[in-house]
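Just the one chain here, the form predicted on its own, laid out as structure tokens.
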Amino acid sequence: MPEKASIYLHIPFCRSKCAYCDFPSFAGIEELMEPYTAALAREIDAAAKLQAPTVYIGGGTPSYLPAPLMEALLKKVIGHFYLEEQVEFTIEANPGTASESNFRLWRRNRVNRLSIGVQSFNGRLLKNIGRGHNAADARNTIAAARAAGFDNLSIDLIYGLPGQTLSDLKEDMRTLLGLWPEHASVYQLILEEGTPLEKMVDKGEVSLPDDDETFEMGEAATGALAEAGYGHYEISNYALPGRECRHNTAYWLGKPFLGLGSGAHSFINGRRLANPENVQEYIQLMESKGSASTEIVTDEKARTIDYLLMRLRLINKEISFKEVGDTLSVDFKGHFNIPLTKLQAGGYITLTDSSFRLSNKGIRYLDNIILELSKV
């Protein structure tokens, strides 16, 4: 029986670069699409023939890749890996970059889930963050996906956007719920260092909602989704029963995954590997060496914090001290007793003799928890 692992393919191309984005994605390099796809095909050919419960094609904007190149990649994945009968196969799509014909082609090649990066249905807010679509594009893309037969859609929204009000967020939630996706990802905007948005804020060209306003937005989003019957299963993710994202859940539980393409990471056979983010460097390495990955070596503390950063995102699951000990070979409760006690006193976690879990406050302030644990 082949080893089981989730598969991730990275598509680094975008029609335009959003002001808030620090992902390894790039606009204006369309001439590299064909050689990149060829390099990615080589990396697939060189990979072990794994059994894949999930496949996820992310970016960047995968839906910006021309249809013939995407179809070639899909057939390569299907032909190389052992996809489970009930595989969850997701592609990310941005509004205005794919049509019903694209979606039908993907469905013919085993894709059964879409993650659509709407971010907001408010044209003013979309313009503030440099998105390349408008609200009509978003609705049309979702309608095209439904017409093509997709019955598992995830819609992404972001709150805390420049110029956004609580009223704006509530209107976005009403629109989202009117479209009734099976899954919703609602993220708080993070002002990433070095992004155009950070520079715009520093110069006073745009302003962000303050911490209290942003907290209210997060609470309003969670409340609206809960009232509509969506389960809040991860810090930023909500799903109708049985529609939780299996691929991302595998990450959060520390299960093996194989990442392919520029900037992709892997956790396979107990080793952590990474490919270079530079697209041309990735292509050159695949052409000259047939491999682009290097091993990432970390110490015990870094591995522990990395594991907790992922595992704590699953907010409805207790973390047993035995689980952490078995996974990381560390006496977690003994080593972290002081910060755990402090976090319980601050109302961030609830602690028992054998486990702990996030409180409602901890869900909103996960970074504070990780920072406290990192001090040990």
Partner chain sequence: MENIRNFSIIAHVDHGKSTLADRILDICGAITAREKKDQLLDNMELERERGITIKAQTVRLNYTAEDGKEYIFNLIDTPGHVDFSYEVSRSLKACEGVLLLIDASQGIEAQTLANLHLATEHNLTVIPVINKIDLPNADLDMVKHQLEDILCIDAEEAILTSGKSGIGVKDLLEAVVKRIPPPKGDPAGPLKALVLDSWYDSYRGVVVLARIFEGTLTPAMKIRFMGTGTEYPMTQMGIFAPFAREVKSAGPGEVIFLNASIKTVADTKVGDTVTDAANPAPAPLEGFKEARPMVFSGLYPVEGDKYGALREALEKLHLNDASFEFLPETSAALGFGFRCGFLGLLHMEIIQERLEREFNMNLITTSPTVSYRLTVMPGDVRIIDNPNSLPEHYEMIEEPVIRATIFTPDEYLGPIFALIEEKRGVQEKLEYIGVKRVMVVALLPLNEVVLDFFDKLKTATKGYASVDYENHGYQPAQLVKMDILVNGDPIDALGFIVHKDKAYNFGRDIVSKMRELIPRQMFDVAIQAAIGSRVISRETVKALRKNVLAKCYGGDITRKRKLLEKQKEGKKRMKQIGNVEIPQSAFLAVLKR
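Numbering follows the first chain given and starts at 1. What you are looking at is a predicted structure, and each value in this text was computed from that prediction instead of being measured. Here the rigid core means the biggest group of C-alpha atoms that line up within 1.5 Å when the two forms are laid on top of each other.
Below, we turn to the form predicted in complex with the partner chain, even though it does not appear here.
Stretch 294-302 is the contacting one of 169-177, 80-88, 141-149, 294-302, since its residues have non-hydrogen atoms within 4.5 Å of the partner chain in the predicted bound form. In the predicted bound form, every residue of the candidate spot (Y251, D306 and L309) has a heavy atom lying within 4.5 Å of the partner chain.
Distance criterion of 4.5 Å from any heavy atom to the partner chain in the predicted bound form singles out H265 from the list K127, R110, K75, H265.
Among heavy atoms of D353, none comes within 4.5 Å of the partner chain in the predicted bound form. Among residues of the shown chain, I190 is one whose heavy atoms approach the partner chain to within 4.5 Å in the predicted bound form. Contact annotation: N102 falls outside 4.5 Å of the partner chain in the predicted bound form, judged by heavy atom distances. Heavy atoms of D212 reach within 4.5 Å of the partner chain in the predicted bound form, making it an interface residue. Residues from 8-44 that approach the partner chain in the predicted bound form with a non-hydrogen atom closer than or equal to 4.5 Å are Y8, H10, D22, F23, P24, in the order they occur in the chain.
F336 is among the residues whose C-alpha shifts by 2 Å or more between this form and the one not shown once the rigid core is aligned. Shown in the overlay between this form and the one not shown, fitted on the rigid core, is a CA shift at I369 of 2 Å or greater.
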